[in-house]
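Take a look at this one chain, the form predicted on its own, written out in structure tokens.
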């Protein structure tokens, strides 16, 4: 590793890194990174306070998470060989899961590739470079991804807000191949048209696939309400599994157009309807109209994106669950989810329980929900576990 510049860490950083965490905060380096002439994304060698090598990393002296550990080699660091090994390892696991053609192929730190996310939709890959260190390797990453059997196109969905903190532009770029939207995939017995260029995130929320599958045995003959529906993952799948009807609620007209397109493609267009409204307002309108549903799904965007949002976000989770519970029939089900990393499963369950107690209804949790297996959790990095939820039965007095 003699070709890499060595940076010494303070003693407190070593223990976390040796337990598998890959982040190094700016105040854990000896000295000021900004005074060392380092470039954003530059590869370095991290050494402990005692002078032992921890391995290769990349750094960005301009952000709080100033370093990310990549590899602990014994005799040098070949970045291209490292990329190839990590990508092939991630793909092999997805093949075992049976999602190598449609699913998350690479999930950042959990796959040993911090800052890189890649989703696959058949012949197309939609990827995000979230850090300067990964952005430096964009061409090499594209070359490796091009080698995956059946891949014909790659879109860089580099439009996440976090890129600005890394000093990177927000942009959507086709790296290679041609992209014609929508790209169709099948999930849980339904068909969905994905928009990898114009859709949210990388185009689809594969992280809820396993949870949607867990709900399907309960939906036959049910009236289903899908709040924050996006493209109708919950609602359209429910209709495809025999639900009497599914109402998908979203404040995005484009998302609701996708719901109708997906429902038609899945052969359930006559049983899926849409409502263009804010979810809170929609719950109030439906309650005032005397509507009740056998299954209500609450799958909102993150209400807590930063720790300082915790108080307001906790209240929002309680309010939306209380509004949703008012619409559930006696003996019906609620699916309540959160994708806020800073909001634990216990906190979500507490919010759901408090909402139920405020209404005088009783809950029985039937299943805990988590992110799908193609979004693996790194045991040394709690930050990689973000999605949690509960499937619960609702009983009224």
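Numbering follows the first chain given and starts at 1. Just so you know, these numbers come straight off a predicted model, no measurement behind them.
There is another form of the same protein, the form predicted together with a small molecule; it is not shown, and what comes next is about it.
Listed stretches are 104-112, 89-97, 251-259, 174-182; the contact stretch with the small molecule in the predicted bound form is 251-259, by a heavy atom cutoff of 4.5 Å.
At a distance threshold of 4.5 angstroms between non-hydrogen atoms, residue 327 is out of contact with the small molecule in the predicted bound form. Proximity of residue 128 to the small molecule in the predicted bound form: non-hydrogen atoms within 4.5 Å are absent; the residue sits far from the partner.
For the chain shown alone, residue 205 is a contact residue for the small molecule in the predicted bound form, at least one non-hydrogen atom being within 4.5 angstroms. Not displayed here, the small molecule is kept clear of residue 199 by more than 4.5 Å at the level of heavy atoms in the predicted bound form. A heavy atom within 4.5 Å of the small molecule in the predicted bound form is found for one listed residue only; from 77, 218, 228, 293, this is 228. Checking 162, 267, 122, 301 for any heavy atom within 4.5 Å of the small molecule in the predicted bound form turns up a single hit: 301.
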